[in-house]
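Shown here is one chain on its own, the form predicted on its own, set out as structure tokens.
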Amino acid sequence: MSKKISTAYSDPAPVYVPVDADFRLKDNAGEIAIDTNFASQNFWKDVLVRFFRKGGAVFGLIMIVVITLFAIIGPGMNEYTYSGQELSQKNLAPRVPGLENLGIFDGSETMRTTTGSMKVNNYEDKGLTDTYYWFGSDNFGRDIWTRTWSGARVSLIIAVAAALIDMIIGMSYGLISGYFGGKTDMVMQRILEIANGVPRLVIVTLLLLVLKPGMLTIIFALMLTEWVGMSRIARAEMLKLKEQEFVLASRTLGAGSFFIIFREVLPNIIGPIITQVMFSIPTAIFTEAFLSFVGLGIPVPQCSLGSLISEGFNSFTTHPFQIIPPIIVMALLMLSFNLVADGLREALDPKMKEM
């Protein structure tokens, strides 16, 4: 309420003096109509929601998890080792307990000769009634199940390690080149063109001929050749963001160059970086398999998927079951990583949110 003060002199009009009751806050939350559900949505939660809506990406993720679990526990699921040889049990077809009663995976195989085809069972011919090789045995009597999952473990370690190292090298190189620009960018890009101009196979082959073949040598060889693509993506993103307002604000407040590069710009390009890493893993798996296939990979008695395919290729016409397991595992790995990478690319891109 207001108090009315009358004046007895010149102005008969009342004068109102405001009091505290005349002022109150207006509750207009209902008029603003803010979508609280959308406003509180976390970016990474939104990414996960969009990712798991992609059936192919979910299938790829499940297959990667399953193959990784088998690569960890698979070699220890029976009494065989990846290097143990038993020449009296060589070239045995797959035989699985329980399934043999159904007429499948019972140890029999069809042999094709010049006179025709015939079905043989070497388990019965050799009296191996209690012997089981789930994926069969190779021409040295080694268990293909154990060697397949041991090879998958080696290939996964090489591919993931090489991809992560390439991410660090290529990402840092591209970000620094794009941020400083000018002569620095020109010199760094000429170096990159020279490195990209030499065929990767030549670099890897010469390096493996000089150094001792092994897992670390292959990782080092892939590290020298696979960082170019990551560098170009990081440089392009830096050129797009380095003139944005938040970068100019950090520079105005006195932030150093490397602080701006790795603390301001890098978090904003983490989506393309993750996607490129996921695409580079199947490339590394294929490169390692190719090197092992041509004899420049993992030395015996160790094995990888490429070396197993190379060994199975020599017996493909007589015992085709020896090459099928490593081919299927490698194909599923490469397909799954590509599906996951494609799903992440769509989930991390805000422009594709409504698609």
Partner chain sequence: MKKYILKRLLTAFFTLLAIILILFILMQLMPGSPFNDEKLKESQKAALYAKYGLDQPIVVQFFRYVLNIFQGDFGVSYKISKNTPISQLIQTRLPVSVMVGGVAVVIGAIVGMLLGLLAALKHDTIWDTLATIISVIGVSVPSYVFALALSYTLGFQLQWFPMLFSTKDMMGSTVLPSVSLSMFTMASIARFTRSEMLEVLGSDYMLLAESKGISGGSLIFRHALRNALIPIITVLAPLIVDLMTGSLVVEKIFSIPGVGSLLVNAIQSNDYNVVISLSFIYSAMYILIMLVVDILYGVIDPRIRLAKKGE
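Remember, it's a predicted structure, so these values are computed and weren't measured experimentally. Residue numbers count along the first chain shown, from 1.
Heads up, the form predicted together with the partner chain isn't pictured, but that's what we're talking about next.
- For the residues V47, L61, I323, I67, the 4.5 Å heavy atom test against the partner chain in the model of the complex is passed only by I323.
- Of the candidates V202, L216, L164, M77, V202 is the one whose heavy atoms come within 4.5 Å of the partner chain in the model of the complex; the others do not.
- Highlighted residues F262, I273 and V277: none comes within 4.5 Å of the partner chain in the model of the complex, counting any heavy atom.
- In the model of the complex, the partner chain lies within 4.5 Å of some heavy atom of G295.
- Residue contact check for F51: none of its heavy atoms lie within 4.5 Å of the partner chain in the model of the complex.
- Although the partner is absent here, F43 is not a contact residue: none of its heavy atoms lies within 4.5 angstroms of the partner chain in the model of the complex.
- Heavy atoms of V210 reach within 4.5 Å of the partner chain in the model of the complex, making it an interface residue.
- Proximity to the partner chain in the model of the complex, taken as heavy atoms within 4.5 Å, picks out 186-194 from the listed stretches 148-156, 246-254, 186-194, 216-224.
- The partner is not shown here, but in the model of the complex the stretch 324-341 reaches within 4.5 angstroms of the partner chain through a heavy atom at I327, M330, A331, M334, L335, N338, L339.
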